[in-house]
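We begin with a single chain expressed as structure tokens, specifically the form predicted on its own.
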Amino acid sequence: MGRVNGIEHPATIRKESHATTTTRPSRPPAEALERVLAGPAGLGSAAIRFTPPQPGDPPGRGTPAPARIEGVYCPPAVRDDRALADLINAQLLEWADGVELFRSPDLRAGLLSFDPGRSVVLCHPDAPSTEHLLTAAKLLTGENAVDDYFCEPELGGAPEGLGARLAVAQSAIDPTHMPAPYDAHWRAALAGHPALRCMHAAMESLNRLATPAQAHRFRHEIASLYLGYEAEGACVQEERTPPVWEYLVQRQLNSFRPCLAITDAIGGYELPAELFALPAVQRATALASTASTVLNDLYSLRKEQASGRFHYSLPTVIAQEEDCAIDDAFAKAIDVHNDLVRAFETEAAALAAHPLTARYVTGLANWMGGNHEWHAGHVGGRYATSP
């Protein structure tokens, strides 16, 4: 185990070969849940059955062996296609250049190292076309651009004034209606910032694929995400570590939920608004997104500790609230993650009787599994876990 700031990494990380890329802690699902997690039939689905490599086979191009955190329970990833991920990355870079996202060559290289193509290929195995996958990658890139440019100090972001900047960011996907000449000033502001250009163009791609109800859903989820950004920004500005319950409130907002909530749009179908609004569907979506974001906390803890700046995550808020070592808090955070996943499974099993809700929660489970696989294999950049 490695050390960060003299602290032993609070989890046992094991390197795995490509022969075991789909290994997960086993827990037999209920019969209904087995129907929910039946698997995809979309673009590249021929590649979803993992087989052990034969002697002499080369390792997967560009994809490092996973480094999994021991004890994390998560649905399995069902499709990993390096060639398809490379195609999406190439198309995404061409699009990002077109909207002038990058202020420096380093930022362009950073996007490629982030490997968004592999992320969406893993998380959306039922996507019917490369256009659907590319749209998911554009939205993911846009969300990260807003976070980086507006929230992260490396690119000039700061908690001070964050709410005002995010209100403008929301208008990039949810147009503001105003008379001239103010409309021209607003449009000039959108065109003048790389993250706003990126998010606006990504939303245009979603509008071409999604129904009006699905597009409206995404706009609502992004507004909630920005509210979570503001809550975190306030705590950072005050250097206040919230209690665990408040942190989990924040994490349900400041989460991957916008990515999960469009699983039907990227899958080429629609979960109607009246079904999406059902309390059980909302619980399943919230549980899946919060669990996936807590997983992010676990995999990114080492890099956050090494940054030297004030930050908090589930392990650190547990450590402060319970006055325990970060090792113990990390183990408790794993338990919280696993409890969230199992609560999701309970909700998913109950929703399996309806074909559309069953398909939707299958998409949520696929996203969770793909997100875990991406984090476990993404040993560089923002989510570094290796020494």
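Since the structure is predicted, the reported quantities are computational estimates derived from the model, not experimental observations. Residue numbers run from 1 along the displayed sequence.
Below: the form predicted in complex with a further copy of the same chain, not depicted.
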Per contact check vs a further copy of the same chain in the model of the complex (non-hydrogen atom within 4.5 angstroms), the hit among 169 to 177, 92 to 100, 130 to 138, 77 to 85 is 169 to 177
Checking a candidate spot here: are 227, 238 and 287 all in contact with a further copy of the same chain in the model of the complex (at least one heavy atom each within 4.5 Å)?
yes
Classify residue 111 as contacting or not contacting a further copy of the same chain in the model of the complex by the rule of any non-hydrogen atom within 4.5 angstroms, answering yes or no.
no
State yes or no: in the model of the complex, is some non-hydrogen atom of residue 322 no more than 4.5 angstroms from a non-hydrogen atom of a further copy of the same chain?
yes
Partner proximity in the model of the complex: residue 336 to a further copy of the same chain, non-hydrogen atom cutoff 4.5 Å
yes
State yes or no: in the model of the complex, is some non-hydrogen atom of residue 182 no more than 4.5 angstroms from a non-hydrogen atom of a further copy of the same chain?
yes
Among the candidate residues 209, 201, 223, 155, which is the single one with a non-hydrogen atom no more than 4.5 Å from a further copy of the same chain in the model of the complex?
223
If we check a further copy of the same chain in the model of the complex, which of the residues in 122 to 158 reach within 4.5 angstroms of it by a non-hydrogen atom?
none
